[in-house]
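Next up: a single chain in structure tokens, the form predicted on its own.
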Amino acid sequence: MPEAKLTTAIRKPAESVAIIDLEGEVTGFAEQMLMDAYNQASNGKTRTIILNFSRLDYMNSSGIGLLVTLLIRAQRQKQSMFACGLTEHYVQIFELTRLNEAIGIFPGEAEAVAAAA
């Protein structure tokens, strides 16, 4: 059975902000890992989840679907979701799928953290 080619790391630059670093591939195989990372990042005080894509190698349509699932979970928890470190290609994908209307896109982590504060 194919396995996820994704690793995640959770960082908390502020009490209400969590960063999920994504490294590797965001595909359908990464669902459990991505959901576990979200659950770990999303404690009761987290108001903003920042997805850091700076070490992303690949994301397909199933991966986009997982982001939509994460977004729905975050909205149910009254959390904002931001993205940083996207290449121009993935920024265009976010625009085409209109994800950019629900997930704030920032060029770098510092800008995303500042916007979350």
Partner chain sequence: MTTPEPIPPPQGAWAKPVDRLKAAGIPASVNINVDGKQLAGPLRGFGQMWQKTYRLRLDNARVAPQQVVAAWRENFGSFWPKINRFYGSSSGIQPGEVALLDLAGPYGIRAPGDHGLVSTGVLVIYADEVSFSFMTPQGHMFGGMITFSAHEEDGAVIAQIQALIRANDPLYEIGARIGMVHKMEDEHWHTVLKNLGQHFGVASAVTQVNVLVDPRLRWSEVGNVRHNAAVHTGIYLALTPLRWAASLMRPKERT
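Numbering follows the first chain given and starts at 1. Computed from a prediction, not measured in an experiment: that's the story for all the values here.
There is another form of this protein, the form predicted in complex with the partner chain, and it is not shown here; the text below is about that form.
Although the partner chain is omitted here, in the predicted complex none of A14, D36 and N43 has a heavy atom within 4.5 Å of it. In the predicted complex, I105 stays away from the partner chain, with no heavy atom inside 4.5 Å.
Taking non-hydrogen atoms only, I10 never approaches the partner chain to within 4.5 angstroms in the predicted complex. For the chain shown alone, H89 is a contact residue for the partner chain in the predicted complex, at least one non-hydrogen atom being within 4.5 angstroms. Shown alone here, N60 lies within 4.5 Å of the partner chain in the predicted complex, counting heavy atoms only. If you take 81-115 and check each residue for a heavy atom within 4.5 Å of the partner chain in the predicted complex, you get H89, Y90, Q92, I93, E95, L96, T97, R98, L99, E101, A102, in sequence order.
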